[in-house]
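Listed next as structure tokens is one chain, alone, in the form predicted on its own.
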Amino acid sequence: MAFKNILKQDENKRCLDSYGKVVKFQEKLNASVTMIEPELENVIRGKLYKIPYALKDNISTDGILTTACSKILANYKPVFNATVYDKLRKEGAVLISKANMDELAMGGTNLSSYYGKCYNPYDLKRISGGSSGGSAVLVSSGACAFSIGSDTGDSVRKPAGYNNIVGVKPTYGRISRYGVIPYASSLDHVAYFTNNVKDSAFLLEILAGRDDKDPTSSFENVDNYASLLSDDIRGKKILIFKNVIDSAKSDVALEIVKHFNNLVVELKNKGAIVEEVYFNNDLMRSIFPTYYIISNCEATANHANLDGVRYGSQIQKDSFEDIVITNRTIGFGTNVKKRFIIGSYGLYEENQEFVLKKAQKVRRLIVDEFLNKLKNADAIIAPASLSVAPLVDDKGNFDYSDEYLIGENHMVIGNFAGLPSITVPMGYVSNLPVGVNITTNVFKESTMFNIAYAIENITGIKDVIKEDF
């Protein structure tokens, strides 16, 4: 049975205790932006009956603030529910928090939120990761049994590694995005966090499926992922993403690679066929700039409606133009403004051929090479990151070395290609968690979960709650 640890507890008590932790932890972690006292009457007795969870603040909830952590939406309450929220309600899950995030999901640190920074329970001086940082921290700290986020580049899978939990991004279209405030439509995925692989497999059974409200959602059958779960990986062909390994140069990165190499030995001992695979390094170095152009061009188009007129707060001016300029100027943070400038430049008609369309062509080259290697294998694996969670005050490694361009951005390929991808705990470096990422072919989530389950059983790291911070 999935969520077996929490199901042992009294149903009402676990929801109230969970809400109490969200409130108690808020001062130190700042993981929540709207705390929702659980309503425990008339809860549907479904598969997730009275299991407490959190939603990222870009997921629409009727009558409940949904701000995407942006000032321009600070008073916005939707009049409809996201499909993923309705599915969880129908199974009896109890929402206790809308979670902190990077503003409009544009970031990988959770430092750009209008509501302030979110902190890592393993070290309060370090970031949670982003953009789904609050969702990750609420699970890592034990405040929630699971949480829902979104993943446009690695926004669930990287925070999962930083927080010692499981982060899942399924195949593009596997989970409906209806009611999710978009970032980049061709890259966005609904994704989620749990404390172990079995819970993740079970949760996808509930979240997945066709939704006519989202034309991009898939008609593909949904498997019984939890009942199919097995750590028998004999004969599975697993590829090592060698470009990532070779890009490790710093002391921390080399320590992470040691953990990874030890894991590879154990996978071989369990009967997996493990081979190294090497991609065109010029293409791998282009992942980040390609992503940055495409995502910000799409975001600029998607958020043209955030004009201070139709949604959110509004400062009145004499003309429509002045209203829009004023409200967008004060309504968006610096990081978002910078991305909109880049996106506007790429969308400008005279620049599209050289900027946006060129990036789209490079994306296709990256995807084609990746899929060509993956088609004869079951999975590709690599460290989720070549760093531990950075310090909040760290300006970041923007020297554009391979360790950054490849080691910190390779999971974007999963969004470029819409592939299912999961990060699970791998070990610790200086008492800080690090993760390993597994990517499989489209709709091969069962294979993804099985390999992840085998790794979880090798490391023994699951259901780890970090409350002593």
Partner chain sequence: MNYDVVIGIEIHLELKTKTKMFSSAPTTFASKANSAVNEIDFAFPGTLPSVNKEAVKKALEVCFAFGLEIDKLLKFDRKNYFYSDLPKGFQITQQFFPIGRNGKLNIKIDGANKEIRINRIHLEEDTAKQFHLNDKTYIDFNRAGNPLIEIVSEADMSSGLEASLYVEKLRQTLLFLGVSDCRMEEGSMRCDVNISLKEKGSSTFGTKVEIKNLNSISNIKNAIEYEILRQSEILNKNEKVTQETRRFDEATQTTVLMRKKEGNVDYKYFPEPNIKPILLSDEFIKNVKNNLKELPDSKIERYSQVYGLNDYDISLILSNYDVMDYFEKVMVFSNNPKNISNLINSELLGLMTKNNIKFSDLKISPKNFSRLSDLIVGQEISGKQGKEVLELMLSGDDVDVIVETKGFKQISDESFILQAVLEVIDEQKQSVIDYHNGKDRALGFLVGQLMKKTKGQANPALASSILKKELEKFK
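Positions refer to the first chain, counted from 1. In this text, all values refer to a predicted model and were calculated from it rather than measured experimentally.
What follows is about the form predicted in complex with its partner chain, which we do not show.
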{"property": "Listed residue (178, 122, 279, 114) with a non-hydrogen atom within 4.5 angstroms of its partner chain in the model of the complex", "result": "178"}
{"property": "Heavy atom within 4.5 Å of its partner chain in the model of the complex - the one residue of 207, 324, 293, 233 that qualifies", "result": "324"}
{"property": "In the model of the complex, segment of 246 to 254, 162 to 170, 140 to 148, 211 to 219 with a heavy atom within 4.5 Å of its partner chain", "result": "211 to 219"}
{"property": "Every residue of 266, 371 and 431 near its partner chain in the model of the complex, heavy atom within 4.5 Å", "result": "no"}
{"property": "Proximity of residue 302 to its partner chain in the model of the complex, heavy atoms at 4.5 Å", "result": "yes"}
{"property": "is_contact(residue 378, its partner chain) in the model of the complex, heavy atom dist at most 4.5 Å", "result": "no"}
{"property": "Distance check, residue 228 to its partner chain in the model of the complex, heavy atom within 4.5 Å", "result": "no"}
{"property": "Any non-hydrogen atom of residue 95 within 4.5 angstroms of its partner chain in the model of the complex", "result": "no"}
{"property": "Any residue of 338 to 368 that, in the model of the complex, places a heavy atom within 4.5 Å of its partner chain", "result": "344, 347, 348, 349, 350, 352, 356"}
